[in-house]
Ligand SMILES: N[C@@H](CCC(=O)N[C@@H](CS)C(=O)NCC(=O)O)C(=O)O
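One chain follows as structure tokens, the form predicted alone.
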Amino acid sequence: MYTVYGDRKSGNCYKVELVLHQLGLPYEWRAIDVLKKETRTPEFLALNPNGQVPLLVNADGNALPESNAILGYLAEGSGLVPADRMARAQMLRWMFFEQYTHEPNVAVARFIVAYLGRPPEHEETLRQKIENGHKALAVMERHLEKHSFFAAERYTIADIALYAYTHVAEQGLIELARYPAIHAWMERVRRQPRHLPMQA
């Protein structure tokens, strides 16, 4: 049994719940409200000094933060991680892209609009995040014009990582209409066995 500390409005937390559900792993969800600063309590900081969700705690009591590290841990040895060395490296490449190029723009734009209510003082930041979010999506679009998935020509945790915030990008005013290959890929992701929609 795993324990997950998370916020179901968060794409990073959704990734973890999706992989747990698809692999049929038992877990308990403990809701954390980021806006109420529940990640900054002494109790939570004792588990994750970085004060962020998601956080996975396994049956031995070991705590593991960082969404993509959690995906790798949970999916190790499953069909969601390629056995081939280069295919696995390509999977990791896209997971690093998600955290360093995609998520800081697409997720932050969504946070400003959907969480904060688009306050005027964030308009310039929002504009920059939308612009850079489109740049990230354009990179994905070019790849998906030639490939069905991001690594090994099959569904892996790289797809889970990128799907989480891409499929709700329009909540951050990042329109997806110009990306037909991304739309087709998102439909392939939704057709995977035991797919779980975002619960928020």
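Everything numeric here is computed off the predicted structure, so don't read it as measured data. So that there is no doubt, residue numbering starts at 1 and follows the sequence shown.
Absent from the display: the form predicted in complex with the ligand. The rest refers to it.
Engineer: Out of Arg142, Lys135, Arg40, Arg154, which one falls within 4.5 Å of the ligand in the predicted bound form, going by heavy atoms?
Structural biologist: Spelling it out, the residue with a heavy atom inside the cut-off is Arg40.
Engineer: Would you check whether the ligand, in the predicted bound form, lies within 4.5 angstroms of a non-hydrogen atom from each of Gly51, Glu66 and Glu103?
Structural biologist: Yes, each of Gly51, Glu66 and Glu103 comes within 4.5 Å of the ligand in the predicted bound form.
Engineer: Consider Val57 of the chain shown here, and say whether it contacts the ligand in the predicted bound form, taking contact as heavy atoms within 4.5 Å.
Structural biologist: Result no; Val57 lies far from the ligand in the predicted bound form.
Engineer: Is Gln99 part of the interface with the ligand in the predicted bound form - any heavy atom within 4.5 Å?
Structural biologist: Flag for Gln99 set to yes.
Engineer: Although the partner isn't part of this model, could you tell me whether Asn12 comes within 4.5 Å of the ligand in the predicted bound form, counting any heavy atom of the residue?
Structural biologist: Asn12: contacts the ligand in the predicted bound form.
Engineer: Indicate whether Val34 is a 4.5 Å heavy atom neighbour of the ligand in the predicted bound form.
Structural biologist: Although the ligand is absent here, Val34 would touch it in the predicted bound form, with heavy atoms inside 4.5 Å.
Engineer: Please pick out the stretch from 142-150, 155-163, 171-179, 66-74 that is in contact with the ligand in the predicted bound form, where contact means heavy atoms within 4.5 Å.
Structural biologist: Every other range fails; the passing one is 66-74.
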